[in-house]
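Take a look at this one chain, the form predicted alone, written out in structure tokens.
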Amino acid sequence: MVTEKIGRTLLVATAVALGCSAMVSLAIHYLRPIQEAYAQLERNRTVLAAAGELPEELSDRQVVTGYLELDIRLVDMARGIFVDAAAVGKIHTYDHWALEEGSPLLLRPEGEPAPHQPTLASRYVPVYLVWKGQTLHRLVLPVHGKGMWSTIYAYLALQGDLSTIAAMHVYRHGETPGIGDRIEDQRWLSTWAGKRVYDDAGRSRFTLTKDASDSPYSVDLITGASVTSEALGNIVRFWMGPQGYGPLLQALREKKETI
């Protein structure tokens, strides 16, 4: 009698477990497209903000429309040049960061990566051009790398001179709430605007320091979150250097590459 009760209990427990597992799997299957759509919408909103095309709160439809109107170019990171967007299919939905997170390395810097330095899994990276008439107004560049606890994803916008920062917007990270997540603070990020990445000789000079008040190339570290904020500075230095966008930007400034 006791054995029969135990058997029934195990049978019921197994049936409930399998049923719950099936419901969770179905929920994940059907909700994933919705989650991906919201993630893409948030990315579009961040790109528009970096592009200076988000002056006020926009509806989701307006965000999508604004994003589709951007001039998106594809960079071949192996050669430092623009290439035909057909290399990745639909450029507006192409997500090179997804390749970073899940694919074998296709391209990586020479030698071992330095602390906080990213490796390049995706050869092709989308960048965003903002025009005022026939003049390049901003160039928005996706950047990413290791923070203190997570990978930080952000968008750095350069002014038309391709040397001066127009804006910095953090898109996604997993840093410590209340400490490392202060890199999202728009008051701090606004201090990046107007700082120069390169000097007149084309040398990369950008840094984060404890007191950046007198330097056109420096931004203040965040007190209490210096490791994470310095990591963001390291990320920018890497991507502005010879293993990132440096060769492309130099070619554009010297008119060796056209847009």
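Residues carry their position along the shown sequence, with the first being 1. Given the structure is predicted, the values throughout are model-derived calculations rather than measurements.
Another form, the form predicted together with a small molecule, is not on view; read the next lines as being about it.
Contact check for residue 159: every heavy atom lies farther than 4.5 Å from the small molecule in the predicted bound form.
Contact between residue 40 and the small molecule in the predicted bound form is not found at the 4.5 Å heavy atom cutoff. For the chain shown alone, residue 226 is a contact residue for the small molecule in the predicted bound form, at least one non-hydrogen atom being within 4.5 angstroms. In the predicted bound form, at least one heavy atom of residue 148 sits within 4.5 Å of the small molecule. The candidate site formed by 176, 180 and 222 is fully in contact with the small molecule in the predicted bound form, as each residue has a non-hydrogen atom within 4.5 angstroms of it.
Contact with the small molecule in the predicted bound form, judged as any non-hydrogen atom within 4.5 angstroms, is confined among 68 to 76, 148 to 156, 133 to 141, 185 to 193 to 148 to 156.
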